[in-house]
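This document opens with one chain alone, in structure tokens, the form predicted on its own.
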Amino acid sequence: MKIEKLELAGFEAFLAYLNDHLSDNGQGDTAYFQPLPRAESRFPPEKAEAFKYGMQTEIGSPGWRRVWVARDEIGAIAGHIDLRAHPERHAAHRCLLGMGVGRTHRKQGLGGQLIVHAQQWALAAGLRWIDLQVLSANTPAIQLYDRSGFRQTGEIPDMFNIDGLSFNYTSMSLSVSGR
């Protein structure tokens, strides 16, 4: 798979991929991977605008974000990963990770490849840590993050009540600088 930086010109296709990806949230055998009810599992317009704004913002400035997509053999988006600024003022040496892999490409190693790509970029950008939050019930994601070197730093019990179900929220971190 080819991993490439997402440019603004490709954002609408990316948004279509994201909405398709989110439609799997909590459906059938797929774990909830976003804290959204099944009926609301779409990417909200205000988040899309924040995404685009962050893609145009200089690294180190509040609100920055970088997005990469993996494309399959026909050029369709198979998965994505993004790194973004922490909202806290004195956390510029850290970033937050978000990612997803399309339903037909899961369990094939793409998630690990995306994480390695983001980790290498973060190191080159001078960042020292990558942090993430994941629904604790999303065992496949937690296992992937664990294999990739992330370590659990905390868990908030009963953080979300979605579709009548209680979900804990796990925080994980990865040192990209070897510290």
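What you see is a predicted model; the values in this text were computed from it and never measured. One rule holds for the numbers: they count along the sequence shown, beginning at 1.
What comes next is about the form predicted together with a small molecule, which is not displayed.
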Assert contact residue (the small molecule, in the predicted bound form, non-hydrogen atom within 4.5 Å, options K47, R128, R151, R147) equals R147
Residue (of A70, A137, A122, A141) lying close to the small molecule in the predicted bound form, criterion heavy atoms within 4.5 Å: A141
Just one of 107-115, 36-44, 49-57, 62-70 has residues with a heavy atom within 4.5 Å of the small molecule in the predicted bound form, so point it out. 107-115
Verify the contact flag for L96: yes if a non-hydrogen atom of it lies within 4.5 Å of a non-hydrogen atom of the small molecule in the predicted bound form, no if not. no
Applying a 4.5 Å heavy atom distance criterion, does I81 contact the small molecule in the predicted bound form? no
